[in-house]
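Given as structure tokens, the chain that follows is alone and in the form predicted on its own.
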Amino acid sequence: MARGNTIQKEKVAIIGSGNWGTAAARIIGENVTRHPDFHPEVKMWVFEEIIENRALTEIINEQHENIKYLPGFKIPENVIADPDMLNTIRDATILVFVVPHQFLYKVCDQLKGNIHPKAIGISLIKGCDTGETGIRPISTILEEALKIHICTLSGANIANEIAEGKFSETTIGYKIREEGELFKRLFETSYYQVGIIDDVIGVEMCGALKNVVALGAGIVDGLKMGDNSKAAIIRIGLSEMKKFLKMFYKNIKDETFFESCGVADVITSCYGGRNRRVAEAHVTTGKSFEQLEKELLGGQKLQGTLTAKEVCTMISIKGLENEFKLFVAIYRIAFEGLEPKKIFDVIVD
């Protein structure tokens, strides 16, 4: 029994099937068979693509491998790929959201009025949205659109390393502890340890803002400025993350910044991951971030530049450019043609 004895078996649906979504599906597919409160079948919504004249969903269901986004790693056979979103979420009481954040509104439009009345969700999406009222966390968008409780998961989680079974940690933010503990059971393994904290927005927004800091680290790498400079980017970036969240959101916990979703995710993103890699290539090749996204990411989206734009829109509206000099410098390099070598000139000005 689960959630106050109201649900016999929690049925999981995963909305998204990229690199991180597929890695998460591997964990979820194994865990639902180990815990009695979960239904053993997991549906995974896949944006249909044609790979070598075959549908990606067909390949996944026959080969049990996402050959485009996570090649070389088997997916449990109880994870079923489905190109029909509504069929994927039919009867699901747990919705795992892991799509690029720029596609979220389309997803919500399709789901409205079609989800299980007892459904709850968890967002693995690292990003945010800018509206007339300011920066809107993904969890807020989901809760308002779908009228369900949303937890968040974020941490130092490079998908391929998790798929390889290398030891990692993550953080789940919750409002209702029972839901946080439920999601901990869904995700935790011997090699993937899960901490939970009563701070949905803090966990989520750390995961979004660290992508901007990682762009700064990649710029430093491209300039070959060394480890001292990268350490400065990490420290300044973490400081601006904390200042931003404390300034714009209520009840952000100091402890959140010392969880995996905070300092650990900043560090790993500044030494690995797509944002650092693309920013380094921007410096060394002179190509635009948009062009490099197409050339280097195999269909994945570069979240850091979008988040930098959204964050700096809010900073500009509030006239706070001098409070967030690193965020502004990265935005100007990405969108206004500022020379990367001037990044520290802007910060110390």
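Residue numbers run from 1 along the displayed sequence. The shown structure was predicted, so the numbers you read here are calculated from the model rather than taken from an experiment. We call the rigid core the largest set of C-alpha positions that still match within 1.5 Å between the two forms.
Unshown form predicted in complex with another copy of the chain; subsequent notes refer to it.
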| query | finding |
| --- | --- |
| Touches another copy of the chain in the predicted bound form: residue 169 (any heavy atom, 4.5 Å) | yes |
| Non-hydrogen atom contact residue 152 with another copy of the chain in the predicted bound form at 4.5 angstroms | no |
| In the predicted bound form, residue 242 touching another copy of the chain (heavy atom, 4.5 Å) | yes |
| Distance check, residue 85 to another copy of the chain in the predicted bound form, heavy atom within 4.5 Å | no |
| Residue (of 161, 181, 198, 129) lying close to another copy of the chain in the predicted bound form, criterion heavy atoms within 4.5 Å | 161 |
| 247, 148, 263, 80 - the one with a heavy atom within 4.5 Å of another copy of the chain in the predicted bound form | 263 |
| Residue stretch of 67 to 75, 89 to 97, 227 to 235, 116 to 124 approaching another copy of the chain in the predicted bound form, non-hydrogen atom distance within 4.5 Å | 227 to 235 |
| Within 240 to 274, the residues that have a heavy atom no more than 4.5 Å from another copy of the chain in the predicted bound form | 242, 254, 257, 258, 259, 260, 263, 264, 267, 268, 271 |
| Core superposition between this form and the one not shown, C-alpha change of residue 162 at least 2 Å | no |
| Large Cα move at residue 229 between this form and the one not shown, threshold 2 Å, rigid core | yes |
| Exceeds or equals 2 Å, Cα of residue 122 between this form and the one not shown, core fit | no |
